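The chain below stands alone, shown as structure tokens; this is the form predicted alone.
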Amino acid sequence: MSWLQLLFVELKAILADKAIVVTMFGGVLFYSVLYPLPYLNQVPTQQQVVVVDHDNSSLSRQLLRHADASPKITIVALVGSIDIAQQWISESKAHGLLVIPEGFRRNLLLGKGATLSYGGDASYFLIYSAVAEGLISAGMDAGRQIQLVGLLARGENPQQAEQSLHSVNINSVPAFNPSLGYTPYVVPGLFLLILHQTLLIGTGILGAGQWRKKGYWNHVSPMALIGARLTVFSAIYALFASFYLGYCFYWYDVSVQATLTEVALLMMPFILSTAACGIALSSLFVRRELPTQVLLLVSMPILFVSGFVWPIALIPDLLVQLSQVIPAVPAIMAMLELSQMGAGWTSVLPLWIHMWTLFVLFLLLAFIGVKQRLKTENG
């Protein structure tokens, strides 16, 4: 069998297997829509807040106007008691509550201070964070306004009074992820993980389904079979990677700071090492359903140890060290540094070499595993 004939039968075997087609082609397309969907709104804003105003003064109403002007929250109702406000939250009509105490204006004018009470549904920590941040910001603005009125009443120069209340101005400029949204933060790493898992499952199903049968794989050398399989799967996933890193990044407005050449150089060892890892793992299974079950179980741990959804410093060192044999881990870190953070190629060079090292390692393991499987079945 010539090399071209071997490539053709490999491609035919992949396309003729419904489980592989659904996992690879269907999975890549399906997950390109499903996973980014929860993050399309970027950050939680305009969270509904209900207010209990026991003061009902001009100052409390001014505070509510400030709060309602915040991009984080929206005042949806004024109710008579905390119990009613809690009922609103229980019925999901609101996500937070603000309680303005009686004597709020009088105490502030007398310089006694006043305590505003905030509360909210902390089941969704992002929503709760938005509510708390919006209410605290509104409260601080109201406090500064009262201080300004007091300073002016004591005859302070308006300009000096304003400067004394804003002696330090913070100019916050995000170095990375300028939109501060979740989509450009999560999607790049998530797409690489999807490519990684579907490629492992595809190669696993193909190998596990062949070892106990007779076919073209019994008439070629292990190295030729591995080489052809690597070539075909890599070609398919080069197209998938182009779809994810090209069209999907554009569609989801993900910023890309790396050049096309740098991204291509980075994806090459990632796809090859993942495909070699999948072929090596396939030699461990003789039942087609097992690779899918095992790899789905480890998907979530891989997501966490990859370091972009959970700080690596909070993960046990042993797990971090063990995760370095997973091709997705250095690939995700390298892609985030190169494409999202604008790092130079020299910064990701150690991770690039790391992926090539994994490719050589898994190629060797794949050769040993496939050779042993073919020897057992042919014998």
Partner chain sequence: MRVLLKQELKRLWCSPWQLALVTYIPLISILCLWWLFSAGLPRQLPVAVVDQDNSQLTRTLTRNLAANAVIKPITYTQFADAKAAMTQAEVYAVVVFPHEFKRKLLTGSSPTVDIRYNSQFLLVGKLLSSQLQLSVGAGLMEVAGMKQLLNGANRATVAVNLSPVTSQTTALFNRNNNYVGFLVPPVLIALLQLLAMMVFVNSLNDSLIRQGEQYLLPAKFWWHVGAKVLFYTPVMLVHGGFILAWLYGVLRLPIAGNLLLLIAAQAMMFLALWTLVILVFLLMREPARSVSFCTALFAPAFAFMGITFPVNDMPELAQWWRLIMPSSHYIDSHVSIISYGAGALQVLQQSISYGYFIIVLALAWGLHRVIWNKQIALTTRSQGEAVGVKS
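Positions refer to the first chain, counted from 1. By rigid core we mean the largest C-alpha set that fits within 1.5 Å across both forms. Because the structure is predicted, anything quoted here is derived from the model rather than measured.
Keep in mind the form predicted in complex with the partner chain is missing from the figure; the text below concerns it.
Using a 4.5 angstroms threshold between heavy atoms, Y216 stays clear of the partner chain in the model of the complex. In the model of the complex, the partner chain sits beyond 4.5 Å of every heavy atom of Q210. Residue contact check for I353: none of its heavy atoms lie within 4.5 Å of the partner chain in the model of the complex. Using a 4.5 Å cutoff between non-hydrogen atoms, G139 counts as a contact of the partner chain in the model of the complex. Partner contact region in the model of the complex: 287-295, out of 272-280, 240-248, 287-295, 221-229, criterion any non-hydrogen atom within 4.5 Å of the partner chain. The partner is absent here; in the model of the complex, the one residue of I73, I205, L195, I100 having a heavy atom within 4.5 Å of the partner chain is I205. Between the options L29, A69, V43, V325, the residue in contact with the partner chain in the model of the complex by a heavy atom within 4.5 angstroms is V43. Interface residues of 22-36, taken as those with a heavy atom within 4.5 Å of the partner chain in the model of the complex (partner not displayed): V22, T23, F30, Y31, L34, Y35, in sequence order.
Once both forms are overlaid on the rigid core, the distance between the two CA positions of A175 between this form and the one not shown is 2 angstroms or more. After superposing the rigid core, the C-alpha of K93 moves by 2 Å or more between this form and the one not shown.
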